[in-house]
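So this first bit is one chain, no partners, the form predicted on its own, shown in structure tokens.
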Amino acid sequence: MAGPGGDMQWCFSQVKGAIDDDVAEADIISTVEFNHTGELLATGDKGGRVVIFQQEIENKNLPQFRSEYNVYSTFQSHEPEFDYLKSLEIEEKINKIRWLPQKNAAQFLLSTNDKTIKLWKISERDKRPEGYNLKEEDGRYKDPNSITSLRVPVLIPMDLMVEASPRRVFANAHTYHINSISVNSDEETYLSADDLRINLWNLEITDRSFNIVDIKPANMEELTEVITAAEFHPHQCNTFVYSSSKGTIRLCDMRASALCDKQSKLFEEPEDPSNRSFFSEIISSISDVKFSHNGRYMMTRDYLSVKIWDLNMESRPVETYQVHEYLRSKLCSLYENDCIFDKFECCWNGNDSVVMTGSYNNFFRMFDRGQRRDVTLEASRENSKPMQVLKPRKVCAGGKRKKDEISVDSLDFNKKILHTAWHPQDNIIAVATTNNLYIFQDKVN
């Protein structure tokens, strides 16, 4: 990618997770999220665990210091449950993690599985009280008659302990599976979206939420689309968007009405009749929607492309980037092996100039918006020497294959990058491949 000083090169920094080929289902990473400063990086997995990594800076005096992420805290966020009324198992898999802006020494994050959202507090303890009057040091209570003098308890240093404690549990509000949570810029409320409804919650109130979108038809046989993702605007607390399986994005204003069943804006691109096929509706389904940091644009990801929309123009996207157009001829086999239903996420870099999303064969793609250039990189154990520069990869769609190109037929569709995250300030990216988390950073000359 092109950086301020010419071409930016990415190099390997770290890889987390076991190397085994035989991967346990519970260890598969299902979400990746940096906090607002980028100091902490959280991952959730199919086993209901949240692992938080902390950035440790080697030398703060160097102008461009290198940093590593080390495990800061690990905790079990969700457990498997059973819905006895519907005879359904509720998976423990973490669908989404969202950090709350930091207000004090502790950090807070929201994590959700299919049905229940939890607010977690992550705090540090490096001192412990000693010198109680009524208790022995081992916790047993003293006989009050044996106390002849009073002493003042003191705090003494101890090894750092990081504690994760659940502060709120937001349950029983979703009939269908939760696919998105998004914290509002007012820092008091957040939304949660499932296939047919979006609810608005106050972070302090767990026993009720407001339903702000409901697309469930009176007769379920008339159902034609579902909600696939939803997000609040980064600066306007009254505005949010949600995307659908039909490839449309609706922008809603909560000031207009209590139930936002009529959108303020509808973003939809007319379909090119020449590309019409049996798979058109499936591949137009939007798997992710993200506002740019400045709030002017939003990015959507469908099966084959990334689109950038200007919020002031609904008729068509201002930019369209093909992620893996060479798969268009393979849609039939991708439908048969269910890969066509994979939900790829996308993310912006800190200044909204570059976007990133994943692909198959452990490839991920970056698109430089200003220079109109793109690159394909690979997350693999072969490229995992410290500070090793990643070589751009090319896929041969047909015809004669060049020396460094990879044939479409040799791509591994079991290796896929669905979840990516970009540090909010630095050129550090986190990429999840099955059970491994790769961290790359730009090469410092």
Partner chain sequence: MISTMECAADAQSLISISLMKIHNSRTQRGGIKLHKNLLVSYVLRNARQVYIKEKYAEIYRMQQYEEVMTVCNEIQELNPLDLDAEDAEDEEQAAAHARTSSAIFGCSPLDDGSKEPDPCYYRSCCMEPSPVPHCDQFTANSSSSSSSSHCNKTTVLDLDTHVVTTVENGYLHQDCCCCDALQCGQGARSPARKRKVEFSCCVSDVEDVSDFTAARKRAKREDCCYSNIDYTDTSNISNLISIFGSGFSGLLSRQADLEQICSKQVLASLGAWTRAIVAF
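Numbering follows the first chain given and starts at 1. Keep in mind that this is a model prediction, so the values were computed, not measured.
Keep in mind the form predicted in complex with the partner chain is missing from the figure; the text below concerns it.
- Interface residue remark: Phe210 is not counted as part of the site for the partner chain in the predicted complex, having no heavy atom within 4.5 Å.
- At a distance threshold of 4.5 angstroms between non-hydrogen atoms, Pro273 is in contact with the partner chain in the predicted complex.
- Of the heavy atoms in Gln236, none are within 4.5 Å of the partner chain in the predicted complex.
- At a distance threshold of 4.5 angstroms between non-hydrogen atoms, Arg151 is out of contact with the partner chain in the predicted complex.
- The stretch from 302-310, 154-162, 181-189, 282-290 that comes within 4.5 Å of the partner chain in the predicted complex, counting heavy atoms only, is 282-290.
- Shown without its partner, this chain lists Glu268, Asp352, Asp368, Glu225 as candidates; in the predicted complex, only Glu225 has a non-hydrogen atom within 4.5 angstroms of the partner chain.
- Distance criterion of 4.5 Å from any heavy atom to the partner chain in the predicted complex singles out Glu336 from the list Glu204, Glu137, Glu336, Asp261.
- In sequence order, Thr175, Tyr176, His177 are the residues of 163-180 having a heavy atom within 4.5 Å of the partner chain in the predicted complex; the partner itself is omitted from this view.
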